[in-house]
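First, one chain by itself in structure tokens, the form predicted on its own.
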């Protein structure tokens, strides 16, 4: 152990060196942290941490009319994870305590004075204000984001499902069994279903991103033409699609195209068809309808974004192109499109990854239907991985497989993002477009 006696004692009693050296504010803060940590471990965290390897062994049972509750695997896992994070946080604070002691010792050896308690408190609102300001947000991120993510990952390695519901029935660790089940093509596996849903998810994300993008760009260019009048009116009409909540508009569209809906009703009334068109019954037609409806939703949003960007393209470029004999199509291919792709490359990537997890459009239109006998675990023909995950959780209480699919969604999204992002011209050469 480095340092003098005061510092060495601080290895065990946090804040001791600071208090002995007169830095009471720091010393009391470190010591309070240690006391709270010990109380937490003794009174609460230690109990759950000791059982995290088994997730509980004492089951709930009936003793006459009285229910005797045993272990709760859910609580053991959740609070066990929280305790591990608390331990890691305490180790970081312990390290800061030792580093502060060594720094104070070095200053005293150099004949310098240590910061007074008043100066330390004032620094929290001055040079260290950034740390003060970020304390609460960082704690919130860990509490409401990091811990749930870690918890979900851990669930993927357990048998937590409808048959293992705490506290009545304990669940336990099963290793990689869930991943093997998801990727297996045997009779008990879900490999065929997973890869079919994954293929549709990627296909949907591709069409939903790029069809909307190019059509939105086309509409923006059309409205921006000098010959077009009432530009504000056309933009307002298109923006109304965004103004109406998707919950309302998508449910209305779903009802319109149902077998007994408005569209089929009028087509049959006019004698154009003899039986309802299976818009939401035929798997392929349902997928086409979803993409078409998403175009109706997405074009206005893309139109607004691209309108602002089109105005930033120097008009001199188009004038030079016309002088060189380029027509409108050539000007679009060699000036407009390269500029737009360069500027909106990161946005397109964000849209694509967002569409991989686009829950609203799919679930509000079809709820993943129609069902297919070739798909397992209630997966529908129009289900994305995220809607399939949702149905597994809400309908089947199959939390273990839902967690596995959640991890797979993250892997797919992360791989696509990393591969494409590093190849974007706007990332590789920020000054490349002139």
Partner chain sequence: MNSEKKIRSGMKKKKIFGTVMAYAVLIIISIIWLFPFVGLTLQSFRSYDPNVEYGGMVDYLIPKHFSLDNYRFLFSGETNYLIWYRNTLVIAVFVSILQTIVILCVSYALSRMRFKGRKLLMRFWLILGMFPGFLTMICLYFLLKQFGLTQAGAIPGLILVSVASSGMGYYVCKGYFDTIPKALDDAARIDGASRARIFLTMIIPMSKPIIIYTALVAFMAPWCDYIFASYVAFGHDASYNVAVAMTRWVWTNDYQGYFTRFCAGGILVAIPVTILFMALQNYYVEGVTGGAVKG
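Definition used throughout: the rigid core is the maximal C-alpha set that superposes within 1.5 Å between two forms. These numbers were taken from a predicted model, which means no experiment stands behind them. Positions refer to the first chain, counted from 1.
The protein also exists as the form predicted in complex with its partner chain; that form is not presented, and the subsequent description refers to it.
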Item to check | Residue (of 154, 183, 78, 211) lying close to its partner chain in the predicted complex, criterion heavy atoms within 4.5 Å | outcome: 78
Checklist entry - Among the candidate residues 313, 305, 102, 192, which is the single one with a non-hydrogen atom no more than 4.5 Å from its partner chain in the predicted complex? => result 305
Item to check | Contact of residue 249 with its partner chain in the predicted complex (heavy atom, 4.5 Å) | outcome: yes
Checklist entry - Quick one: does residue 245 come within 4.5 Å of its partner chain in the predicted complex, counting heavy atoms only? => result yes
Item to check | Non-hydrogen atom contact residue 55 with its partner chain in the predicted complex at 4.5 angstroms | outcome: no
Item to check | 4.5 angstroms heavy atom contact with its partner chain in the predicted complex for residue 241 | outcome: yes
Item to check | Which of 329-337, 224-232, 105-113, 198-206 sits within 4.5 Å of its partner chain in the predicted complex, heavy atom basis | outcome: 224-232
Item to check | Heavy atom contacts to its partner chain in the predicted complex at 4.5 Å, residues of 397-420 in sequence order | outcome: 399, 402, 403, 406, 409, 410, 413, 414, 417
Checklist entry - After fitting the rigid core, is the C-alpha of residue 319 off by 2 Å or more between the shown form and the other one? => result no
Checklist entry - When the two forms are laid on each other by their rigid core, does residue 260 show a Cα shift of 2 Å or more between the shown form and the other one? => result no
